[in-house]
Ligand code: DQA
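Take a look at this single chain in structure tokens; it is the form predicted on its own.
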Amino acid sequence: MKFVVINGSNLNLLGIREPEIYGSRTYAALVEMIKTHAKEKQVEVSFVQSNHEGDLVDAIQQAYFDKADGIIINPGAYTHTSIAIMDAVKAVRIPTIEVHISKVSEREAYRQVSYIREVAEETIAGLGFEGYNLAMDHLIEKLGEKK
């Protein structure tokens, strides 16, 4: 299986940005944790992080051309604003799980809106970094059921 992990705006600042919400671990630590889990699960994983909406759309489309089996996405603030990212996920029809490090449902009112949720198989929020590994496990299970 081949998965793409896509992270949006400001996730490159993990460890610096609001550690009381996102914790003190860095983006590099997140990537290493996911790589370790993927290796244990025998999953090929690649990563994209960008602060630019179009780059995230391009990454979703590239996942289709690269024949990815699944997408794990944390669009960052684009969760609440980007119909373009939602449309890209809808277009490629790759099983996608939305992940958020914080409990967005308990934060500001504008964070309650998620366009990506409409096209994601599932949303995992508030479990910190571990939410990414859980998303991977859910995709593995879902894809295994289809075979």
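Note that residue numbering follows the sequence shown and begins at 1. No experiment lies behind these values; they were computed from the predicted model shown.
The same protein also has a form predicted together with the named molecule, omitted here; what follows describes it.
Requested in this report: Consider the chain as shown here, without its partner, and state which of K41, R107, K90, R117 has a heavy atom within 4.5 Å of the named molecule in the predicted complex.
Outcome: Filtering the options by heavy-atom distance leaves R107.
Query raised in the report: Taking heavy atoms only, is S9 within 4.5 angstroms of the named molecule in the predicted complex?
Result: Within the cut-off, so yes.
Query raised in the report: Is there a heavy atom of I101 no more than 4.5 Å from a heavy atom of the named molecule in the predicted complex?
Result: Answer yes; at least one heavy atom of I101 falls within 4.5 Å of the named molecule in the predicted complex.
Query raised in the report: Would R111 show up as a contact with the named molecule in the predicted complex if we use heavy atoms at 4.5 Å?
Result: Taking the distances in the predicted complex, the answer for R111 is yes, it comes within 4.5 Å of the named molecule.
Requested in this report: Find out whether any non-hydrogen atom of R17 is located within 4.5 angstroms of the named molecule in the predicted complex, and reply yes or no.
Outcome: Yes - in the predicted complex, heavy atoms of R17 and the named molecule come within 4.5 Å of each other.
**Report entry** Stretch in contact, per heavy atom within 4.5 angstroms of the named molecule in the predicted complex, of 77-85, 24-32, 58-66, 45-53
**Finding:** In short, 77-85.
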